[in-house]
Ligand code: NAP
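Presented as structure tokens, the chain that follows is alone, the form predicted on its own.
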Amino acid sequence: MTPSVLVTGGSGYIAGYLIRLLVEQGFTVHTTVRSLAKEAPLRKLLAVDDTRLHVFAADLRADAGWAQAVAGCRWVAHLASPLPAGVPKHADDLIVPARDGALRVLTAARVAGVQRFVMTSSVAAIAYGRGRGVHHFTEADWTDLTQPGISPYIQSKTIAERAARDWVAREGGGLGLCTINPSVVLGPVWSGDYSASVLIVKKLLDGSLRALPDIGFGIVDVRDVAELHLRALRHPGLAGERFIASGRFMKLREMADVLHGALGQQAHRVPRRTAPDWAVRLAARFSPVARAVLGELGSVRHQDASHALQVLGWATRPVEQSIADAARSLIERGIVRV
């Protein structure tokens, strides 16, 4: 009999792809939403076999619902985590629910006898706090939170993953934890409720970003991240493992060039000019968004995903395809008008 899987945060961008993939593979999926008022829209969006999808109300900030959600599950994919569209006023608005929520789900999983717990972390927990220059990162690296200018989101992902690993080492018993650390996740969107990572492409397309600061990101396709979660759930003996999920690093300038090449006239609002560092520093006096990227100006972060290839046979599609597919879906769904 195929085991049941809990996927937390069922309305999330990656979670939606993973749930579809799991149901297609014959799994029964439990998933969580913060309110059951979201259940019907979620089922309509996912359009999977309803008999294989069970939806529970559970919030990262409270204990209620987690025991019921994980009951009968052998595996957990913990994807639920706050990802804001902007910069929060207080770092703890992200850090506390990310950290305490992970520990809450881990505790419920241990009590329920879960064998494998795959936690979605981020390269935010690996590759930041190094400043200008060219850097190369593997799963052995951790973000340096002692450096100034580390954004609340990066803090939350780093602290939550460390807390989860420390908890499992102390109290996990037979629970096997591994983490997946994606870079910026792009690809097709299904609706207007999409990941904040896709805002990068949206802001390039709709002209709200007038010039291109000297920053960049590793990019990975949402479809490939879902596939990596599936492989990590199924593969034996991964306790303590960590897997970077990333394609190549691209500066915003390169991303803009991809959009112009793939979309032609539809990319007429995508900026071509570069924002000099001094202009970003000036803007940072007034803009929390500009302030959040100051520490990454001029930084190149190569994130080595070869470990996932070697252990799990996983690879991602070209980043150019992920960028173009994200852009086309934003246009097709009317989220960006061109």
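Sequential numbering from 1, following the sequence displayed. Keep in mind that this is a model prediction, so the values were computed, not measured.
What comes next is about the form predicted in complex with the named molecule, which does not appear here.
- Stretch 121-129 is the answer when you ask which of 121-129, 170-178, 144-152, 252-260 has residues with heavy atoms within 4.5 Å of the named molecule in the predicted complex.
- Taking a 4.5 Å heavy atom cutoff to the named molecule in the predicted complex, the contact residue among K44, R272, R61, R281 is R61.
- For the candidate set V114, L79, L230, V189, a heavy atom within 4.5 Å of the named molecule in the predicted complex is found for exactly one residue, namely L79.
- In the predicted complex, the named molecule sits beyond 4.5 Å of every heavy atom of Q266.
- Taking non-hydrogen atoms only, I14 approaches the named molecule to within 4.5 angstroms in the predicted complex.
- At a distance threshold of 4.5 angstroms between non-hydrogen atoms, S246 is out of contact with the named molecule in the predicted complex.
- Using a 4.5 angstroms limit between non-hydrogen atoms, R291 is distant from the named molecule in the predicted complex.
- Highlighted residues P97, K157 and S183: every one comes within 4.5 Å of the named molecule in the predicted complex, counting any heavy atom.
- Counting a residue when any of its non-hydrogen atoms is within 4.5 Å of the named molecule in the predicted complex, there are no hits in 247-276.
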